[in-house]
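One chain comes next, on its own, written as structure tokens: the form predicted on its own.
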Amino acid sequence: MRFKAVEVLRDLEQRDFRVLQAVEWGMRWSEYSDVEEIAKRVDLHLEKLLHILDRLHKMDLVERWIGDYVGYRLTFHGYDCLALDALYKRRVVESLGMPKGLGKESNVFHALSFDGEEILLKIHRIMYQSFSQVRKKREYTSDKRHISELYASRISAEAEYESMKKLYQVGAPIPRPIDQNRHMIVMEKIEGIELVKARVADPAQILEEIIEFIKIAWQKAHLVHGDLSEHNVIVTPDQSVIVIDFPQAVPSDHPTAMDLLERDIQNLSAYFFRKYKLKFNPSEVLEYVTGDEKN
């Protein structure tokens, strides 16, 4: 997969980033940012600004619209550049490597920190084809009538990062969250393979660890994963469990929390019976997860 932002970042000057930021700022109020407003924000003559915008347009970092006014909006490539530049300036991500996983709503890349640590960069990409379903399902977009793909991706990443911080602070088995900017999350690199692909030596032990995660999430972080399945449970080389992917997590006091919790447990029950013929009573597990925290 080509990552356009990495290809063009070294060709961008600080003035280019200022213009991209001004376009982003204008998109708060309309789909396209008016060039005259952009010029005022970056303190450039219109002729010079149009030259820069034309260059950024040729690099596929912005899109142009001509109607009642001339306007520009960021592409995902331009948004990627802004986020990567911010993470670089914070000395969080020094360089980017090969993709680790490509999904419908996010891509994950290998990366290096300024300390030489191998880390992961998750990039949320909420596209139009899944946008209506995302708005209906997720708390953070359900009350917005007009929302761009970029903004949806940003608040998806923000919500996931906040959930990860809460879970990590209470000792849940998840990757350590490191930083977040716009639609990108930086986290520690984890070793292992998805449960659905793993050779599990002791399925009952793996099942127990996942149930313990659900309990910790509910009782200590006050969260429900909301999309728990064999695809977002990682089995490490030492046969322990790490849970990933939290953009659909909701607080335990959310109106749909109990329904989502029951669905997570049912998914777990169906998978372990189908693959390992392990049976448990979902109602008993639900009672265990939501019971007295002292138990």
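A quick note: this is a predicted structure, and the numbers were derived from the prediction, not measured. In case it trips you up, residue 1 is the first one in the sequence shown, and so on.
One more form of this protein should be noted, the form predicted together with a small molecule, which is absent from this view; the next part is about it.
Although the partner is absent here, residue 187 sits close enough that one of its heavy atoms falls within 4.5 Å of the small molecule in the predicted bound form. Contact annotation: residue 106 falls within 4.5 Å of the small molecule in the predicted bound form, judged by heavy atom distances.
Contact check for residue 245: a heavy atom falls within 4.5 Å of the small molecule in the predicted bound form. Shown alone here, residue 208 lies farther than 4.5 Å from the small molecule in the predicted bound form, counting heavy atoms only. The chain is drawn here without the small molecule; in the predicted bound form, the stretch among 45-53, 224-232, 253-261, 32-40 whose residues come within 4.5 Å of it by any heavy atom is 224-232.
Think of it this way: in the predicted bound form, the small molecule has a heavy atom of just one of 90, 220, 100, 165 within 4.5 Å, and the residue is 100. Proximity to the small molecule in the predicted bound form, defined as a heavy atom within 4.5 Å, singles out one entry of 212, 202, 94, 194, which is 194.
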